[in-house]
Every structure is written in C-alpha cells, then in structure tokens.
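Next up: just one chain, as structure tokens, the form predicted on its own.
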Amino acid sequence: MKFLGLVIVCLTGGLLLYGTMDLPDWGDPASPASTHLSDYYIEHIVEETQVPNLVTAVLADYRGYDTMFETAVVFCAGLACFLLLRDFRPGKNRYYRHIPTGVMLHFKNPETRMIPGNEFEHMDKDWVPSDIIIKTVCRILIPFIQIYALYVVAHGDFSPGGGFQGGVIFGSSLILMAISYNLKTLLKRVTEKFLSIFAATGVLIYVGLGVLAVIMGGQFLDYGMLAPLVPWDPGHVRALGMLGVEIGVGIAVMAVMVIIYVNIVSEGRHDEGL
C-alpha cells in the first residue's frame, strides 16, 4: 500500500510539473495576466471596490469564490487532521508530579488516576522544568503578537495583510504559548470544542455574507447590496464586506493551525506533547 501511494504521488507530481511547461515565464510582461487583467485592476479597482489595497480587492471581491473555497480547503485540512490523528483512547501510562517536592510518579495501570490540584499535577512523559525567562518573555510578547494579528486582519483592505496572514500570526501566538508553557496550558485556554466551533464559524461567516447579498437582491458576494444594513458610509460598504470575509478567513485559519499543531504534537491524544 505504501509503494502504491508513492507511485501515485510521483505520478501526480510528474503531471503537475509537466503542466507547468505551458505556463508563461515568471514575470513575463507579455503574459495574458500582464496584458489584460493587471491593467484593468490597476485602473478600476479603487473606483469599483473602494479598497486601496489591490491584493485584498482581487482576493475578496473579484476572486471571492476562489478565496472562499481556499478557506473551505483550510477547514477541510483541519478536519482531515482531526479524523486521521484524534485518538480518544486513554493513555496506558500516566505521570504525575508532586508539586511541593517535584517527585514524579509513574502509573502503568491506566485505571489508576489522581485528581490534579494544589498537591499533584498531571505531567508529560518527557516533562522538563519550564524556563522562567522564556515563559516571562513569551507572556510579554504573546499579547502584542495577538494585537498585531488583529491589526493585520482589520487593516487588510488598506495595507498589506488580510485574513490568511492575520490568522497565521494569531495561531502562531497560541502555538508559542504551548511551546513556552506546555500543551495543557494552551488547551485550558482554547479547548478542542472552542477550536472546532471557530474553524467552522470562519467558513460560515464568509459563506453567510455571500448568501446575505443574495437575500438582499444581489449576486453571491456582491457586498454592495449590504448597504441598507450598514449604518455607515454607503460608498465604503464593499470594503466593509471584504473586512467581514477577512475576519472569517482569519478565524478559520487560526483555529485550523492550532488544531493541526495540537493533534500532531500529541499524536491525537491531547494529553501530552510539546
């Protein structure tokens, strides 16, 4: 089965590489994209979308369907990781640390359990004492990283950024928390249920804005049709619609990043890992 999988991967990769032979050279000024689409976008994008960031306007407006399915692919990647790796079986070995003395206790019987509290805490097999300097530095940095992530999402229609970038930055701050403290500290703050709901909510926000435009009498993802629902400047409604889908993308990307990380490092058990 592994050999068959290797053959399929090699054949698929070979076909993809063969297909690239028909693509124009990188940066070719005579390519169709450079001679038709690029000029149109540069000349009309601000007038038609009210968004000065050309990349955001193309991704969320002109190419809104493509970006929506990209977000769905990100969600499916997290779901596939969950289905393949999640293991709900209890671990065979359990480790507890006596907090006052630091003595580690190892229970080989999975039925033997202790209630974590002020005296004992559940530990990883490869637990090592946390570095106070690393923990302190990360505790200071993480809020700033998260604020910057929110800025990247919220300001994506005016400057470089957007939902994908902001979601990755926010997700990396949560992963940094797991690395500097431990996996349990992260899962106490963002539970598996919380991450799953957020991953689905991000996709639903994107699709919901598109459906709402249809309900208002327009086409799918025609943000301009949302003007009666927005009490602010009607001319800026399209930009606000793009901000909405960017928020959905950011939420989905952040949640899926953490889901993939948690399931890989803990081998799907969520009981121990880096």
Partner chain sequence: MNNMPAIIVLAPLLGAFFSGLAAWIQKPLSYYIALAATAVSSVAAVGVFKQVLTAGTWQYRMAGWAPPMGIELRIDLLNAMVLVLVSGIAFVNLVASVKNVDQEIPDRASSFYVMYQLFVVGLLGVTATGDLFNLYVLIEITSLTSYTMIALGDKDRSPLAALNYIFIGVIGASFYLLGVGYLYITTGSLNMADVAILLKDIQGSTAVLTAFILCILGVWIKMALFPLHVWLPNAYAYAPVGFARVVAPLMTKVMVYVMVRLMVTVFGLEYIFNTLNLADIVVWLGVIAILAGAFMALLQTDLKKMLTYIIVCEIGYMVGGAWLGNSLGMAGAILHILNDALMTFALFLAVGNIIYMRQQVAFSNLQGLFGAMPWTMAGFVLAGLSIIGVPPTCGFFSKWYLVLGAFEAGAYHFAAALIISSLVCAVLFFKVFEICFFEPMAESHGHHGTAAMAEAPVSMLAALGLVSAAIIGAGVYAGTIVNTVILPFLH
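So that the term is clear: the rigid core is the largest set of C-alpha atoms that superpose within 1.5 Å between two forms. Computed from a predicted structure; not experimentally measured. Residue numbers count along the first chain shown, from 1.
Another form, the form predicted together with its partner chain, is not on view; read the next lines as being about it.
Student: In the model of the complex, does each of Val46, Val51 and Phe158 have a heavy atom within 4.5 Å of its partner chain?
Tutor: Per the other structure, none of Val46, Val51 and Phe158 touch its partner chain.
Student: Identify which of Arg86, Lys135, His98, Arg189 has a heavy atom within 4.5 Å of its partner chain in the model of the complex; exactly one of them does.
Tutor: Residue within 4.5 Å of the partner: Arg86.
Student: Please check if Ala239 has a heavy atom lying within 4.5 Å of any heavy atom of its partner chain in the model of the complex.
Tutor: No.
Student: Just to confirm, Pro234 within 4.5 Å of its partner chain in the model of the complex by heavy atoms?
Tutor: Heavy-atom contact with its partner chain at 4.5 Å: absent for Pro234.
Student: Is it the case that Met177, even though its partner is missing from this view, gets within 4.5 Å of its partner chain in the model of the complex, heavy atoms only?
Tutor: Looking in the model of the complex, residue contacts with its partner chain do not include Met177, since no heavy atom lies within 4.5 Å.
Student: Is Ile115 one of the residues lying within 4.5 Å of its partner chain in the model of the complex, judged by heavy atom distances?
Tutor: Residue-level check for Ile115: no, no contact with its partner chain.
Student: Please determine, with the chain shown alone, which of 192 to 200, 177 to 185, 164 to 172, 145 to 153 has non-hydrogen atoms within 4.5 Å of its partner chain in the model of the complex.
Tutor: So the stretch in question is 192 to 200.
Student: Taking only heavy atoms into account, state which residues of 193 to 224 are within 4.5 Å of its partner chain in the model of the complex, ordered by sequence.
Tutor: Counting only heavy atoms within 4.5 Å of its partner chain in the model of the complex, the contacting residues of 193 to 224 are Lys193, Ser196, Ile197, Ala200, Thr201, Val203, Leu204, Val207, Val211, Val214, Gly218, Gln219, Phe220, Leu221, Asp222.
Student: On a core-based superposition, does Gly27 travel 2 Å or more at its Cα between this form and the one not shown?
Tutor: Yes, the C-alpha moves 2 Å or more.
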